[in-house]
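Next up is one chain by itself, shown in structure tokens, the form predicted on its own.
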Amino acid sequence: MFKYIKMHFKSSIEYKVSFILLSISQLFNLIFSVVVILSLYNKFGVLKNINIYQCLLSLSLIDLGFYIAEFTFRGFDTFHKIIKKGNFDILLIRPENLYLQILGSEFEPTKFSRLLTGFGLLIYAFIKNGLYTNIANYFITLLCLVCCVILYASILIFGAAVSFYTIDGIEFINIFTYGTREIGEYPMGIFSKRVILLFTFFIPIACINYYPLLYMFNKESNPLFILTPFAVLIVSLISILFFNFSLKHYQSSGS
């Protein structure tokens, strides 16, 4: 896996100016999200008992989880290109793990700058919320982050499985990746109960950036709230089963 990453990094830095400019441009993605949040709180103050630092923690968890998944599972995000060009048949005959080959098929090293900024914002929000005084909060935050990566990776795998039937990528999948990320940047507590239920039982974003945070912020005392991030494992299982099922019925692109 690391050999694939190293190879893509070496390829990208061959054009140093382009690499630097693209890396800098990637930073603005997160910066603009933070600016929007700051503007919102500057106008309205506290939103439903959720202060700015709690909101930034929610934003950083979702964005960082998304960035890690997008960086490491980029091959699944662009899997439709492999199918369309007929290159998937080549992957099948190689004596290497298929999932590892798909993972290593594409990385965007310029997006690494997003990860650094995301980590910085997460640490900043964690400290400003005073969560560093309780060691349990470190494990809860790490659990939320890992489960967020698993959730978005699972969605990308599901989208790759759809490519077996559509050949080309479909924008519909972006609703569950970029769309849910946009929603997840805001604390679920500001939305109606119907929206919270939707993102609890359908796409379990609330299980990552809502229920566990309620417990960490002492707004809920039920320790079961800590376990809600594990709900993403259901999505992960469904995605992997669907991909494996689609793989078994793959009959070549005909190229």
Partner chain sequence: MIGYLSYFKVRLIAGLQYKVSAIAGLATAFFWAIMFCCIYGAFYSNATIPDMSFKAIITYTWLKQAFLSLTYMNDRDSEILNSITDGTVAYELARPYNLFSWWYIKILAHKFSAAFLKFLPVILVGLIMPKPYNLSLPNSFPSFILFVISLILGAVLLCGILMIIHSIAFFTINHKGIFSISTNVMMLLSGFVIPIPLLPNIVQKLTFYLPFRLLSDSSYRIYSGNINIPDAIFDIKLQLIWIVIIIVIGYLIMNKALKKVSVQGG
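Residue numbers count along the first chain shown, from 1. It should be emphasised that the depicted structure is a prediction, and the values quoted were computed from it without experimental measurement.
The discussion below concerns the form predicted in complex with the partner chain, not included here.
- Listed stretches are 210-218, 38-46, 60-68, 225-233; the contact stretch with the partner chain in the model of the complex is 38-46, by a heavy atom cutoff of 4.5 Å.
- Put simply, of Leu98, Ile127, Ile90, Ile175 only one has a heavy atom within 4.5 Å of the partner chain in the model of the complex, and it is Ile175.
- Of the heavy atoms in Asn244, none are within 4.5 Å of the partner chain in the model of the complex.
- Residue contact with the partner chain in the model of the complex: Gly179 places a heavy atom within 4.5 Å of it.
- None of the heavy atoms of Leu197 is located within 4.5 Å of the partner chain in the model of the complex.
- With a 4.5 Å cutoff on heavy atoms, Ile240 does not count as touching the partner chain in the model of the complex; it lies far away.
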